[in-house]
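Only one chain comes next, encoded as structure tokens, the form predicted on its own.
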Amino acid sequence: MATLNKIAWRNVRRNKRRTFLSALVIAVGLAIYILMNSVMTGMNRANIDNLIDLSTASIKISTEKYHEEKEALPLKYGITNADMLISFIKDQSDVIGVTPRTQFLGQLSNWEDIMPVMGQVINVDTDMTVFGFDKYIIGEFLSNEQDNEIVLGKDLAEEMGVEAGDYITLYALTKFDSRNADEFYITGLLGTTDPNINLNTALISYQTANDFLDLENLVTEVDVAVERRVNFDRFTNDVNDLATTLQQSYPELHIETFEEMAQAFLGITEQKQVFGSIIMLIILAIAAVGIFNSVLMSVYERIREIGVLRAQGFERKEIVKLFLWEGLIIGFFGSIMGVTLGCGVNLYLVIVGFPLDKFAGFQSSGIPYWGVLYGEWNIGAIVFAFCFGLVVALAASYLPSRMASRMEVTKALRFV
């Protein structure tokens, strides 16, 4: 065995150009697989980040009564001592933001058309610590300096024929079920990646809502933002640990994590991952063909050498072992190069990201990814890629060397 190892190592070193090209084919195939896996995982993560950033937050807290009737958005089941709850949450580890919200149903009128709207009463000072609307605002956000300011979804504003700087009338039921209407100044529009927000949402401040809805600072939900982790499993563990702590401290409240609120959405994401896995298999199949072709050609170029070894007394199984050792060495160096190349480029994608907005027309393509698309580390995929390179290189060496070792010595020596 030691003799075969020395011969295999000597052959690999003697044919440096062929060894490098075979290893390079393996490296390029594995690097592409690692990068594609990172980008596709990153796209799934971007969808979940958008969901948390715009709609669910990491954790949403309400009363049990409000949760049971949440479709009607009632203004009679507020959280008592919301300020104490918010102070308690702020003291927990991994919490980066917490804000109160109150939702209500209303109607918008431009004196020609009337459209239903889902209103959100927000705390102007803390809302952006949880939700990322500031990244999508067209115009100005709400201020605490003036009453009767409103922010509308961009598509909703287009339906109503208004824009930032115009006035519009809002109708809604107050906390005491009396109907109220008033004129609001549109400070800005929301053009997010969520079409539901763009078409149905109107934001007003607690300062305005306390008068318009007789709200008396009623808070129907408290939203919590947990620090984002590069590793998604670690992030979900942080969220679940915090939810457990909150539930134990406030058993009378309903605590929901983003996973519980968006089960249907996450189910669709899992289906997309299956489709992504098929694409990954296709990429691996193409890489395998390249690796097979490269290693197979190097074996066929040496059939005469196999004939010489057989003439010197080498047995067939020793020749197969010799080429397996060479395949293993080439596969090892190719896999190391592929993992290094793939991880090196992926490090850039994870830290800097891929700026989608530099590509003309991307934002109008209908694809729900804006700004920068970041890659994701997938240790399992990297380990799999390394093992895949070794296995394919071994298989590519075994089959042709086994066939060549069975050739008659005279025929192998005359092989051209």
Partner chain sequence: MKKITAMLIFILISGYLFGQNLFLTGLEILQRIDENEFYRTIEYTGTMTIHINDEVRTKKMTTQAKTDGHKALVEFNNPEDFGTKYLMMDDELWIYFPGEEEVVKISGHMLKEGMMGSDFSYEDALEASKIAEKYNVQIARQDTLNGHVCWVLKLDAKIKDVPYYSREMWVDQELYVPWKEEMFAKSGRLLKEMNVLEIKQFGNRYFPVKSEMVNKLRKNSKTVFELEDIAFDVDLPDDMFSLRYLKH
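Numbering follows the first chain given and starts at 1. Just so you know, these numbers come straight off a predicted model, no measurement behind them.
Separately, the form predicted in complex with the partner chain exists; it is not shown, and the next lines address it.
- Per the 4.5 Å heavy atom criterion, the partner chain in the predicted bound form is contacted by stretch 179-187, the sole one of 179-187, 331-339, 251-259, 308-316.
- Just one of Asp134, Asp113, Asp125, Glu145 comes within 4.5 Å of the partner chain in the predicted bound form, counting any heavy atom, and that one is Asp113.
- Among Asp214, Asp166, Glu140, Asp238, the residue placing a heavy atom within 4.5 Å of the partner chain in the predicted bound form is Asp214.
- For the chain shown alone, Leu105 is a contact residue for the partner chain in the predicted bound form, at least one non-hydrogen atom being within 4.5 angstroms.
- The partner chain is not drawn, but in the predicted bound form it has a heavy atom within 4.5 Å of Ala72.
- Under a 4.5 angstroms non-hydrogen atom cutoff, the partner chain in the predicted bound form lacks Phe88 among its neighbouring residues.
- In the predicted bound form, Met118 stays away from the partner chain, with no heavy atom inside 4.5 Å.
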